[in-house]
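Before any questions on how it binds or moves, here is one chain, the form predicted alone, in structure tokens.
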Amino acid sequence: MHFPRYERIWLIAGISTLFLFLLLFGIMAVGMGLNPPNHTETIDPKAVAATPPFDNPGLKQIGNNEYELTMTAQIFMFSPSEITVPAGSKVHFQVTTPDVVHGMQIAGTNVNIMAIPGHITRYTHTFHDPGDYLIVCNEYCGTGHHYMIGRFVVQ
């Protein structure tokens, strides 16, 4: 079978790139031990409202300028929907949802959490700058998705 010169060059480049990708992937996975996280926490999505700490969502101070925020995202609201912390606070988020996939993004910050039914998502962020931040759901969750907002105030 005859291939024109440029077609051979592109075939060799494409196949070489594929083998290079697979080689690097294998080195990272086997040689360096880089794997997806496997320490996920799960929760029965039908029992979220009855399972601690999600049976009483809210903000709890756990140290000097350190807080733990337990939050649920559900059709079409966040609970709690308004949170206030002092500037410089480190907040440990733990978020879940009993119904469908939601996103919880605090606009203007790096906080961008995905809430998946049956899973608990944890994230920690320190809020240095005072302000009034909007919490939005950034995963389309249904016809009322655009009403799913909250407020995060850093004083």
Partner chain sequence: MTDNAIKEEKGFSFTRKDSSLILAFLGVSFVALLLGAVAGLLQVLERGGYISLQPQWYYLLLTLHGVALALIFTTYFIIGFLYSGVIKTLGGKMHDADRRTGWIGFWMMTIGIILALFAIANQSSSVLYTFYAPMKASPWFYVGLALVVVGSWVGGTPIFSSYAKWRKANKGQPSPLFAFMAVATFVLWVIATLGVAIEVVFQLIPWSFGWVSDIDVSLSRTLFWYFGHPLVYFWLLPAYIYWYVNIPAVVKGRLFSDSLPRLTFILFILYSIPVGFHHQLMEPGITSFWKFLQVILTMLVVVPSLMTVFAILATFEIAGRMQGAKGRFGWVKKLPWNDVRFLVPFFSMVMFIPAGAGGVISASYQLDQVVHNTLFITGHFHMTLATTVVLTFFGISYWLIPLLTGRTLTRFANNLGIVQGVVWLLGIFLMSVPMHIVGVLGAPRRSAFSTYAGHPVVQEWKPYLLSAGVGGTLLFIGILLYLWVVLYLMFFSPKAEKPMPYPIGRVDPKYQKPPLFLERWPVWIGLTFALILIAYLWPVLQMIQHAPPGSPPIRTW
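Between two forms, the rigid core is defined as the largest C-alpha subset superposing within 1.5 Å. These numbers were taken from a predicted model, which means no experiment stands behind them. Residue numbers count along the first chain shown, from 1.
Heads up, the form predicted in complex with the partner chain isn't pictured, but that's what we're talking about next.
Distance check, residue 91 to the partner chain in the model of the complex, heavy atom within 4.5 Å: Judged by the heavy-atom cut-off of 4.5 Å, residue 91 is well away from the partner chain in the model of the complex.
Does the partner chain get within 4.5 angstroms of any non-hydrogen atom of residue 75 in the model of the complex? Within the cut-off, so yes.
Indicate whether the partner chain has at least one heavy atom within 4.5 Å of a heavy atom of residue 70 in the model of the complex. The answer is no: residue 70 has no heavy atom within 4.5 Å of the partner chain.
Consider residue 50 of the chain shown here, and say whether it contacts the partner chain in the model of the complex, taking contact as heavy atoms within 4.5 Å. Because no heavy atom of residue 50 falls inside 4.5 Å of the partner chain in the model of the complex, the answer is no.
The partner chain in the model of the complex - contacting residues of 83-103, heavy atom within 4.5 Å: In sequence order, 99, 100, 101 come within 4.5 Å of the partner.
After a core superposition, would you say residue 10 shifts its C-alpha by at least 2 Å between this form and the one not shown? Shift of 2 Å or more: yes.
After fitting the rigid core, is the C-alpha of residue 50 off by 2 Å or more between this form and the one not shown? Residue 50 C-alpha, core-superposed: shift of less than 2 Å.
Using a rigid core superposition, assess whether residue 147 undergoes a CA shift of 2 Å or more between this form and the one not shown. It does not, since the residue 147 C-alpha is displaced less than 2 Å between this form and the one not shown after the core fit.
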